[in-house]
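The data below hold one chain only, encoded as structure tokens and taken in the form predicted on its own.
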Amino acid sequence: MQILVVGLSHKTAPVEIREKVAFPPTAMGEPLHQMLALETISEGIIVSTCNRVELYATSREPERAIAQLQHFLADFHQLPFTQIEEHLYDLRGEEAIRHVLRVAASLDSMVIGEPQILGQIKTAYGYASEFKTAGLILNRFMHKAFSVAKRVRTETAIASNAVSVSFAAVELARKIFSNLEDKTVMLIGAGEMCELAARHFINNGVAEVLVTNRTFARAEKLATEFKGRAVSFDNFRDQLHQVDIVLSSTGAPDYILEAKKLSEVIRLRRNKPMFLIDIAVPRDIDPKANKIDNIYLYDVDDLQGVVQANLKERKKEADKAEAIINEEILQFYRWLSTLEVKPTVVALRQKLEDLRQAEVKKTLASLTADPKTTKAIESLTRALVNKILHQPTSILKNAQNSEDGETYIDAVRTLFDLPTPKPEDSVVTDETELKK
């Protein structure tokens, strides 16, 4: 049984393609059931986010299964297959396992280390569990993916550095003030990035938020959202001495805060530090303000510089995460191999035992054998079967931990014409069970 991945992502398809094959999260039952109805598919999960649509499946016929999954993705959305074909990728076996673990650990994301993807995969798995399309293998695999993602976050600093402009502002503020809980923030303007940064500051416990905007109604609306206070745009400068952090994004053609005014503000603050974040283009705050003692002014380029430096740090941590994934892949692959080995060994033993019994019965029917002779024949034939089975059984058990394991299993099944095992025949939790 192989794990398969078929899909497309931000790396292979533009948004206009991704949106056409997205699955609505409120109606996952139908596509999951259709996916499982494909004759080559044993289990299935659908992951659908703004950046990727991926089908996770198990199959004993990987080539056919991949083709069916690819066409299912097009057919379900009533698209010509040629429209998505060039954007699709398919993975199987170890490559598929590695890919899913990397996705869960946010190593394949647009922004390395972002936490959202793990929650999205958990949601996808929840739907598969609800509609009973995930079985023994994908259940175990998803829990492995979740534990690997947790281990990566625990053992590396992959998510510790801000990689968005808005959160970089918070990170810088912490370096300036160390504690934000008694600080007051003023929003000047209502730009999206400025608003997002304000939300980050609120989540980090600032004491009060003041909002000013040329349109006072807009200021009042935002102030209500932030549980803060609206300030008239005409006199916001008079209240700056009460403010520790300023976020400005007005779109004004000229500076709305001159260096001279900020010199007065810092005197009124008795030289208490003040952090100014100018996200506007053109800039809202006179850059000369940076020469004033205890004024810390950052514009959007400064914040981008912080983001780029942090991205480099995340990439270093990603190397540590890849090493963790390599270790976990080997562990999971060993478990997966046991699912194939156990039923193969059982089927091989049953095949030879059936042959032994048939031949013993035929032989005894042609003899007038006393009980002692019958017992001797039974013992002899059982011993022969055990000796014949010893070597292939040992090789199969040892091969489950190597890359050749699947080749040996397929060879034994073919040579002895063994039946294809069912998933329920493979319930084994660890390698020690094979030794019983």
Partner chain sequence: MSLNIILFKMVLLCYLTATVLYLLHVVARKEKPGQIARWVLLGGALIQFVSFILRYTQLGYTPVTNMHESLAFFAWCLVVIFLLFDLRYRLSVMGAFSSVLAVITMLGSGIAPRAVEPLNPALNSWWFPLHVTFAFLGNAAFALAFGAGVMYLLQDRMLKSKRFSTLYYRLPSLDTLDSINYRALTFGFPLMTLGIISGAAWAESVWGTYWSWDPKETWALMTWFVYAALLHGRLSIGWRGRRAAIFAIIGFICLLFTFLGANLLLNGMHTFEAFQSKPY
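Numbering follows the first chain given and starts at 1. Since the model is a prediction, treat every value here as computed from it, not as a measurement. Take the two forms, superpose them, and find the largest set of C-alpha atoms that agree within 1.5 Å; that set is the rigid core.
Below: the form predicted in complex with the partner chain, not depicted.
Novice: If contact means a heavy atom within 4.5 Å, which one of 343 to 351, 243 to 251, 222 to 230, 170 to 178 is the stretch that engages the partner chain in the model of the complex?
Specialist: One stretch meets the cut-off, namely 170 to 178.
Novice: If you check 257, 295, 209, 124 against the partner chain in the model of the complex, which one has a heavy atom within 4.5 Å?
Specialist: It is 295.
Novice: Considering 357, 290, 204, 129, which brings a non-hydrogen atom within 4.5 Å of the partner chain in the model of the complex?
Specialist: Checking each option against the partner chain in the model of the complex, the one that comes within 4.5 Å is 290.
Novice: When the contact criterion is heavy atoms within 4.5 Å, does residue 108 count as touching the partner chain in the model of the complex?
Specialist: Residue-level check for residue 108: no, no contact with the partner chain.
Novice: Is residue 316 a contact residue for the partner chain in the model of the complex, using a 4.5 Å heavy atom cut-off?
Specialist: Output for residue 316 is yes: heavy atoms within 4.5 Å of the partner chain.
Novice: How about residue 271: is it within 4.5 Å of the partner chain in the model of the complex, going by heavy atoms?
Specialist: Residue 271: contacts the partner chain in the model of the complex.
Novice: Heavy atom to heavy atom, is residue 306 within 4.5 Å of the partner chain in the model of the complex?
Specialist: Within the cut-off, so yes.
Novice: So, superposing on the core, is the move of residue 176 at the CA at least 2 angstroms between the shown form and the other one?
Specialist: Yes; residue 176 is a residue whose C-alpha shifts (by 2 Å or more) between the shown form and the other one when the cores are overlaid.
Novice: Does the C-alpha of residue 150 move 2 Å or more between the shown form and the other one once the rigid core is lined up?
Specialist: Stays below the 2 Å threshold, so no.
Novice: After a rigid core superposition, would you say the CA of residue 328 moves by 2 angstroms or more between the shown form and the other one, or not?
Specialist: It does not, since the residue 328 C-alpha is displaced less than 2 Å between the shown form and the other one after the core fit.
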